[in-house]
Structures are given as structure tokens and as C-alpha cells.
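One chain is shown next in C-alpha cells, namely the form predicted on its own.
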């Protein structure tokens, strides 16, 4: 039996739009650091490998996910932090700098989830270009990821030397120009941020028809939506085949199934809570009931793990931490994580070699 990965996605008071009625805290709390720190601490107590923080340029998206992750990182140890970064209206140089900074302030626990902005409303926020079709958006996302990774490599390890005698702060021989010219960007480089602890923070991508080739080339983790474990397993096989076709080892890419959860110690209480919230069509597999119901899904091992998405917060995280996590350990589905491990190490991935030097 292989160890299953576990991630948690949180936003607002939970995925259900009526969750705010049961949260027990004022909406203004969402704007405070205390709220986000407490949420991350609960996610860390669940033993999750990383906390996913959604973001967009659409209405109601709230605070900046990268900034939240950077605020949380120094005070919540252990757990990885994976903010969403939209690539459609964001310069790759800025993205590279922000995620490398997150990796530095978290001591190697950063990741990022590149996403695209599809709507005319989001395009109008910037006024630089109209909304584009998904295929074009994902070509742009692929260029962004390529540039971001190149910028991460543009500083070698040990480039900062601070030699007082000669007055040299950096060894310029260890800095490299990216010199990238593509369909959407031209970037000279090098970065202005030193190489970070993981070198390449974890890249997480969602599977959709136009993103599959991008995920096959760049993803360390692929998130999928599926109505049941059988469909999830079929998606995993499809992704692994695409990764192999791209010339990479499929065993270096983990596939995680999104699972909406509403759990309670008493399964009937969970179902009553959903009834009170009101009907909401699931976007992926949904588990409503006792803690064992989610453990059973993970135990099927149709994929490499799950991303649990509570319909309500903070209650959904408390059940995950207090009830589900101990059951996963007892069943041998999870092992206690090394608190000093980087996020890449939690996924069994090595620190990448520098593309400019090979080391």
C-alpha cells in the first residue's frame, strides 16, 4: 500500500456559498491575518502536504493568495503553501520573484498553481487585451511557466558572496541571462531574487482539455475533478500517458482528486447540515457523512491522493484534523511527515539541477 497524498483547499467560509451562515464568525474576519493563520494551523494539524489558496481577478476573490501565503508561512510550520497565480494578466518576472520569495520565507514549502483568466470582465480590469479562447490562454500559461522556471535558474547556488575585501556582493559568473523570446513574452533576466531552497517550487496544475499538454510538460502535481473513483483512475491513466509522451517519468507526477467534504462525527448531522445549507450541484466527488467515508475514498487509491475541499469552514478542517487524520495514520494510508522536509521532499521529488550549469 502506497502512502496517499493529502492537500486541503480553503477559501472564504467554505466552497458552499451559504457557508457563511454557519461559520460563527463575522465576514470581516476574512480580512484579518488572525483568520488566515488560524485556518492554516488547522490545515497543518490535519497533516496535509499543502494548503491550496485559490485566487482570480474575478469579483469576490478577496485578498491576494500569494500575499496570504507569505504572511502565514513564517508562523505556521510544516505545511506547504500553494497559492493560485493567474498567468493571463500577470508578468512572469513578477510571478517568478513572488514565488521564489515565498519559498525563501517558508524555508522551502512553496508551490504555485498557474491558472488562466477567461472572462471579458477580468480582461477589462487591466484593459491591455481582450479575453481569449482557452487554447490561447494555456499557450500563454505554458510560456509563463517556462520563463518563471528559467528565471529561478538564472541565479546559481552560492551566487551571493559578500566579499568585503573586493567589494563584490555577487559573483556575476553565477548569474545568467534568460534571453527568452516567445509568442507572448520577451524576457531578458536574470532574476533579482536568489535561488530559493527548493530551486523550483512545486508546480500544481488542474487538468482540463487545453491544459493537459502544459501539465504533461511542467506539473509536479495535477489536480483533477471526477464524479467517482473509477473516473478519477481513468483520468490518472490519461495524465500519466501524456506525461510519458512528453518525455517525463509518470512516477514523478502525482495526481490528486478534488473531493468536496462535509463531515461530522455523526453522519446524520452532516447530512442535516447540508440540507440546511441548501442544494448545490457538486463539481467533483462529494463526501457527506462521517470521517470514515473520506478514509474509504482515499483507501481505494484510485489516484495518488486527494485535495479535500470543505463545504464549510472552519468546521470542515476541524473534522479533518481531529477525526480523519488519526484514522489515515492508523490505517497506514499516511505516515507522519518530517516537519523539516521541503514540499518537494514530501512528494518524493529531488531538488532540480540548474538548467544553466547542470548542478
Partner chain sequence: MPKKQIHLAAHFPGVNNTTVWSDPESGSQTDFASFVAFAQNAERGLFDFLFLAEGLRLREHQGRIHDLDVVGRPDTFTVLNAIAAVTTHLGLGGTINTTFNEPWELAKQFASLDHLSGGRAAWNLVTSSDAFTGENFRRGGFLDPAQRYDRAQQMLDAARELWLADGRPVDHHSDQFDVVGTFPIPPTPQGHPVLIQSGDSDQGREFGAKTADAIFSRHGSVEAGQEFYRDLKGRMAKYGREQSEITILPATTFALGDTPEEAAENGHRIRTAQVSPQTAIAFLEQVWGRDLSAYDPDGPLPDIDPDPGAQITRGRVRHEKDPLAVAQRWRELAEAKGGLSIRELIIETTARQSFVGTPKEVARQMDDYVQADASDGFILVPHLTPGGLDEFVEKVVPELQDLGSYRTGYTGPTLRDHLGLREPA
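Predicted model only: the values in this text are computed from it and were never measured. Positions refer to the first chain, counted from 1.
The same protein also has a form predicted together with the partner chain, omitted here; what follows describes it.
Candidate spot 272, 312 and 347, all three touching the partner chain in the model of the complex (heavy atom, 4.5 Å) | Not a single listed residue reaches the partner chain in the model of the complex, so no.
4.5 Å heavy atom contact, residue 63 to the partner chain in the model of the complex = Residue 63: contacts the partner chain in the model of the complex.
Residue 299 within 4.5 Å of the partner chain in the model of the complex, heavy atoms | Taking the distances in the model of the complex, the answer for residue 299 is no, it never comes within 4.5 Å of the partner chain.
State yes or no: in the model of the complex, is some non-hydrogen atom of residue 45 no more than 4.5 angstroms from a non-hydrogen atom of the partner chain?
-> It does not: once the partner chain is placed as it appears in the model of the complex, residue 45 has no heavy atom within 4.5 Å of it.
Indicate whether residue 284 is a 4.5 Å heavy atom neighbour of the partner chain in the model of the complex.
-> Taking the distances in the model of the complex, the answer for residue 284 is no, it never comes within 4.5 Å of the partner chain.
Identify which of 98, 150, 142, 277 has a heavy atom within 4.5 Å of the partner chain in the model of the complex; exactly one of them does.
-> The residue in contact is 98.
So which of 231, 132, 213, 124 gets a non-hydrogen atom within 4.5 Å of the partner chain in the model of the complex?
-> Exactly one residue meets the criterion: 124.
With the partner chain left out here, work out from 111-119, 221-229, 192-200, 261-269 which stretch has heavy atoms within 4.5 Å of it in the model of the complex.
-> Selected stretch: 192-200.
So which bits of 166-199 sit within 4.5 Å of the partner chain in the model of the complex, heavy atoms only?
-> Contacts from 166-199: 166, 167, 168, 169, 170, 172, 173, 175, 177, 185, 186, 187, 188, 189, 190, 191, 192, 193, 194.
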